[in-house]
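One chain comes next, on its own, written out as structure tokens in the form predicted alone.
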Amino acid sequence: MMRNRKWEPCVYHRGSHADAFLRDYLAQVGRSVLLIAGAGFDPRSVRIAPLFPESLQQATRAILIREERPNPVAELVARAVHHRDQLMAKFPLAREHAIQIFARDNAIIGGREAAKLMTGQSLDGITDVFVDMSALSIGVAFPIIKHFIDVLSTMSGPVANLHVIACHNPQIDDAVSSNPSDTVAPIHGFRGGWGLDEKSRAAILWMPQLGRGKRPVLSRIFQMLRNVQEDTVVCPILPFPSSQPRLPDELIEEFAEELQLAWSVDVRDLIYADEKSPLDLYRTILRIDDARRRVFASVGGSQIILSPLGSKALSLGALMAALERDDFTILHVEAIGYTLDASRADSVAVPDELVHIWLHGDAYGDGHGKEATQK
């Protein structure tokens, strides 16, 4: 039997509909906003600012996060400073906060530090919390979103709304390359059933989101899972429909060795999810989980492992599934550093597309939220 789903229906928008909705929503009298955003080298850092009316820009409490990694490239630092200055000019009350992603012993601490930073933020008088993950790594953005879901779900009285925004542009994604660390670990707050005795006999299903240039990272995660359970089953996630029609075929070619040999993926195990619709992937993951729980209930249960390493928009679907089923695990390899093909990033001809998801608050107060399925 299918279980009730938290975000079914769900309020979300994308593309021009997201821009229009946010402009109208933010222009409403009485809005008081806490904005969490990245002040990084990614050109999408400043995408959301023009959507705020000038009067709200003046009053918005903005927390601009600068992710600190060892030995950053000078050009990327200069770009980050430029974007920070642009955001500070738009939001006079903004404060910049540096978050160390790695400790001195190279332990990954970025997610924990981000959650700690959010713990100190007062929500008194705030009507809306916006988390713009366009220029944040998922190792930082996911713990922040989970923090607010946990806090807002337990508050009494008037509760602030929680919105998540991601600026989708595959061409910019392709212009950014990451240098992965050696450590495979759950994202802070998303350990789920990983390592628990009750899950020690569970059948593992790994659902990696395939992306260009992610072979080394995903191979590392698979090897770790293989060491835990030799017959780990793999169901890779491919973006389809995609803004680049040949992208799924190109990813199958890029990962051919893994799919055919290392991971032994049957063609029927490939998962296709709409690149621009987080809800498509969210529903698919939960549908698979519902089926597996029935099948494996009497033989140790099921353990789903997610690795959303592709586009931010699609990774939101994995995030929503993991927020709903608290035994899901998100395994991740944090980046030590990034490189940017500046000429490619600066010459992108395709406009950005916003994806907006209303995760918590007034829209669900009576249990009758609505879903916008604009394309």
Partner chain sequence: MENPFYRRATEQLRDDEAFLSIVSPQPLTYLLKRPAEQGTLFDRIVLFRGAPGTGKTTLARLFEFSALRAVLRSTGSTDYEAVAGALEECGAIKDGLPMILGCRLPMETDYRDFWEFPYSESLKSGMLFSFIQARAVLAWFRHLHVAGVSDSTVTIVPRADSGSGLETIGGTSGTAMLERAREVERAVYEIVGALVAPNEADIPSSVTGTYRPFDVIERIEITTSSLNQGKPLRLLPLVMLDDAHWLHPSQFEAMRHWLARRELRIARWVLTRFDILQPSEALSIVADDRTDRPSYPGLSASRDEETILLQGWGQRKDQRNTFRRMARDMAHRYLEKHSLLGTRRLVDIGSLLSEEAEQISNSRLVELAKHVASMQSRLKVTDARRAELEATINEFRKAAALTEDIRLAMLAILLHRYVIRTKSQATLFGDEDPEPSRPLVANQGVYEAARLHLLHRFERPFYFGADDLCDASSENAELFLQLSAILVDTIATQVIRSKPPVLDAGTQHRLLRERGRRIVEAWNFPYADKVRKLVTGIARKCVETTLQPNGWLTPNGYGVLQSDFESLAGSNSELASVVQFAVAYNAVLVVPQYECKNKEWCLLELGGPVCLAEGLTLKRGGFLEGTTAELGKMLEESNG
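Residue numbers count along the first chain shown, from 1. It should be emphasised that the depicted structure is a prediction, and the values quoted were computed from it without experimental measurement.
Another form, the form predicted together with its partner chain, is not on view; read the next lines as being about it.
Participant: Ok, P216, P158, P92, G125: which has a heavy atom sitting within 4.5 Å of its partner chain in the predicted bound form?
Facilitator: In short, P216.
Participant: Given that its partner chain is left out here, which of S264, Q121, S200, S243 has a heavy atom within 4.5 Å of it in the predicted bound form?
Facilitator: The residue in contact is S200.
Participant: Contact check in the predicted bound form: C235, E254 and D346 versus its partner chain, with a cutoff of 4.5 Å between any heavy atoms. Do all three pass?
Facilitator: Heavy-atom distance to its partner chain in the predicted bound form: none of the three under 4.5 Å.
Participant: Whether T154 contacts its partner chain in the predicted bound form should be assessed with a 4.5 Å heavy atom distance threshold; does it?
Facilitator: The answer is no: T154 has no heavy atom within 4.5 Å of its partner chain.
Participant: Heavy atom to heavy atom, is E113 within 4.5 Å of its partner chain in the predicted bound form?
Facilitator: Contact check for E113: yes, within 4.5 Å of its partner chain in the predicted bound form.
Participant: Taking heavy atoms and a 4.5 Å cut-off, does A74 contact its partner chain in the predicted bound form?
Facilitator: Heavy-atom contact with its partner chain at 4.5 Å: absent for A74.
Participant: Using a 4.5 Å heavy atom cut-off, state whether A103 contacts its partner chain in the predicted bound form.
Facilitator: Output for A103 is yes: heavy atoms within 4.5 Å of its partner chain.
Participant: Given that the partner is absent here, state which listed stretch (163 to 171, 246 to 254, 104 to 112, 277 to 285) has heavy atoms within 4.5 Å of its partner chain in the predicted bound form.
Facilitator: The contacting stretch here is 104 to 112.
Participant: Suppose contact means any heavy atom within 4.5 Å; which members of 138 to 162 contact its partner chain in the predicted bound form?
Facilitator: P143, K146, H147, D150 sit within 4.5 Å of the partner.
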